[in-house]
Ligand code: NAP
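We begin with a single chain expressed as structure tokens, specifically the form predicted on its own.
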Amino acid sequence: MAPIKLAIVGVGKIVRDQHVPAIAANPDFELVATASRHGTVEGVPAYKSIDEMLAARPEVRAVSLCMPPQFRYEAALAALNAGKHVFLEKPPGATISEVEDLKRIAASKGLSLFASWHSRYAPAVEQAKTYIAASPLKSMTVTWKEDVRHWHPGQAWIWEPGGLGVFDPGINALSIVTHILPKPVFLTEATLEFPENRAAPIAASLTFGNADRLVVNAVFDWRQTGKQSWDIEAETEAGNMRLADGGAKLFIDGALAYEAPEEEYPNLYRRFASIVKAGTSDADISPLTHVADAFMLGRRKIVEAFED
């Protein structure tokens, strides 16, 4: 089959670092256009808006939407109305209801919609899921701490409503947790720390539970310096599991049990190609639902101002 002609909308660091190399290495796709106010990809025709790009390049079959989530719905709607399959960077949108609407529209048009959760494709995540399935859980602790100045320098949108604040990385942890747990959990308590000069939280403490009385505690913090912490620890009847470094390594009772080279974005594009070929969608929004619950249920704590 001929490769799927793909366009990227919103060209920034994540596109250059992850999307472009993953697409170039995947024979199922051919990157034929980009649309972005400022960014371009060398050697690829560039347009200033998705509408301009769609009008000029009718051969495009699919689009990857990589702009901030506050602007993603309108771009996704334009793509779907033009008959294009849609890849949504995480988080898939600024609200649950808008993503649900995109799911409805995609289904009505027979188009594929992909809510891409890249951390679910980290090397050791499936091994962790298999281990937990065979080892009844007693408890789980999530520690997701990183330095916002390193990962998001000067990105004002991330502190605005819909930008999610610390939940931008935290939702990666939630995407793994919702994938590896054998049964769903729901939020029971939360505290969100908002800098006095920002509209989004810089830290959050969360507690989840379920009908089996499982307790999952999570701490997200954007003020970490030095070594970054992306760990999920589980106490099971068979032993203790730690999914470390954002899902890259699996430890069982302190011993390294599995690691492999990172291929999150290549795996995302393999998955996107498979659903486009099958005429299906993959648009789970459970991680975003947990974030919405945190904003709804969480206690608000004001902390010192944050300056980038």
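Worth saying up front: this structure is predicted, and the values here are computed from it rather than measured. We number the residues from 1 along the sequence you see.
Here the subject shifts to the form predicted in complex with the named molecule, a form of this protein not shown in this document.
Only one of 250, 63, 50, 66 lies close to the named molecule in the predicted complex, with a heavy atom inside 4.5 Å, and it is 66. For the residues 188, 155, 217, 228, the 4.5 Å heavy atom test against the named molecule in the predicted complex is passed only by 155. Although the partner is absent here, residue 36 is a contact residue: one of its heavy atoms lies within 4.5 angstroms of the named molecule in the predicted complex. Among residues of the shown chain, residue 12 is one whose heavy atoms approach the named molecule to within 4.5 Å in the predicted complex. Looking at residue 193, you'd find every heavy atom of it more than 4.5 angstroms from the named molecule in the predicted complex. The named molecule in the predicted complex is approached by residue 265, whose closest heavy atom lies within 4.5 angstroms of it. Partner proximity in the predicted complex, defined as non-hydrogen atoms within 4.5 angstroms of the named molecule, places exactly one of 201 to 209, 220 to 228, 70 to 78, 128 to 136 at the interface: 70 to 78. For a residue to qualify, one of its non-hydrogen atoms must sit within 4.5 Å of the named molecule in the predicted complex; all three of 91, 118 and 168 qualify.
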